[in-house]
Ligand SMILES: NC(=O)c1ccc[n+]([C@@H]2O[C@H](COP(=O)([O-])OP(=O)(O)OC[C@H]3O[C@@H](n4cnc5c(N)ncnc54)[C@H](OP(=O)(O)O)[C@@H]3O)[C@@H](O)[C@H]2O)c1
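Only one chain comes next, encoded as C-alpha cells, the form predicted on its own.
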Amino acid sequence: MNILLTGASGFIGQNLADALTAAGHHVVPISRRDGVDFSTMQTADRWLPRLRDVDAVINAVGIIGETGSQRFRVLHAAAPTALFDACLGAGVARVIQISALGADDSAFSSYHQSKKAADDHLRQLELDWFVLRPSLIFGRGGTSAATLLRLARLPVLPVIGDGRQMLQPVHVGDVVATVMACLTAQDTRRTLDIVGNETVAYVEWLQRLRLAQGRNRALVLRTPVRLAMLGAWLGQALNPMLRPENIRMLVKGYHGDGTAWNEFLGRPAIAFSPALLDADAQQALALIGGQS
C-alpha cells in the first residue's frame, strides 16, 4: 500500500515508518524534516496533491506543549481536519487517527480538546476511519518516556500530591501493531483505547523505572498540587512540557478500558519488562512473536 504518514519524524511516526517499510508498504512521509510544515496545511486543497495514488492515511502528529508556531489548535485540529476532508474528496477511504486517552467528553486541557476536535470531525465523515487513543507510551525514543526515566534517577522522587495518580502505560509496539491491524481490518469506524494490562500508581511507575535502571527504591518527595502548578507556570518558558495543564492531566491519570482494543488486536497488551524501555516497536513485537 501507498501510505501517507504525518508526523513521520516523531516518536510514534518513526516507529510506524520502520514497521510499514519492513512490511513492504511505501511510506509517503509528512514532517518538517521531510520539507512539509504541518501548520501550513490547514485547507483541503493543500493536501489534495499529496494524496494522489495514496491508499491510506495515518495521522501521527502530536505535541505535548506549545512553542512559537507549534499550537494545539493548528497541529491537532485545523490541519488534521483539512487532511480528513481532502481524503474524502480524493477517495482515500482508510484513515487512522492517533489521538490520546482522555480526548473524550471529559477533556479539559487544550491538548485533549484539540485532539477531540479532530476525532469528532473524522467520525462524521463517510470514511473507513479508526480513532486510536493510547495511554502513556513508553519505549525507545519517546520524549515523555525519557523524561520519566531521568526523573526516576533522581536521589529523591518528586511526585504530585500523594503520587497515587493511576496510569496504564503501554509500549509503542502495541500502538504500531494496532495501526498495522487497522490497515486491513474489515470492521472499521471504531474508537479504541490502547492501554496497558496493569494499572499502576505514578509513584510506583517511577520506582519501577528506577529499578529497571539498576537503582534501589528511592525516598519520595510529595509536592502539593498547587505548588506543582505554580512551578509549572514559572518554568513553562524554559520547557514546553512544564505547563499547568500537564500537571492537571497527570493528576487526573491515564487509564481506561482496553477490552475492545484487546479483542480487536486478538491479544492483551505487551507485559512490562525492563528490556522494553530501550526497545523500539519492532524489537518489542519480535520479543512476543506478535508482529502483524
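Please read all numbers here as calculations on a predicted model, not as lab measurements. All residue numbers refer to positions in the sequence shown, first residue = 1.
Omitted from view is the form predicted together with the named molecule, to which the following refers.
Trainee: The named molecule in the predicted bound form: within 4.5 Å of a heavy atom of each of 32, 38 and 115?
Mentor: Yes, the whole candidate spot contacts the named molecule.
Trainee: Please pick out the stretch from 84-92, 178-186, 202-210, 132-140 that is in contact with the named molecule in the predicted bound form, where contact means heavy atoms within 4.5 Å.
Mentor: That would be 132-140.
Trainee: Considering the named molecule in the predicted bound form, which of 75, 157, 103, 160 comes within 4.5 Å of it through any heavy atom?
Mentor: By the 4.5 Å criterion, the partner-contacting residue is 75.
Trainee: How about residue 70 - does it come within 4.5 Å of the named molecule in the predicted bound form, if we only consider non-hydrogen atoms?
Mentor: Contact check for residue 70: yes, within 4.5 Å of the named molecule in the predicted bound form.
Trainee: So in the predicted bound form, is the named molecule close enough to residue 283 to count as touching (4.5 Å, heavy atoms)?
Mentor: Judged by the heavy-atom cut-off of 4.5 Å, residue 283 is well away from the named molecule in the predicted bound form.
Trainee: Residue-level question: is residue 62 within 4.5 Å of the named molecule in the predicted bound form, judged on heavy atoms?
Mentor: Close contact exists here: in the predicted bound form, residue 62 approaches the named molecule to within 4.5 Å, heavy atoms only.
Trainee: Is residue 98 near the named molecule? Define near as a heavy atom within 4.5 Å, in the predicted bound form.
Mentor: Heavy-atom contact with the named molecule at 4.5 Å: present for residue 98.
Trainee: Which residues within 1-29 place at least one heavy atom within 4.5 Å of the named molecule in the predicted bound form?
Mentor: Those in contact are 7, 8, 9, 10, 11, 12, 13.
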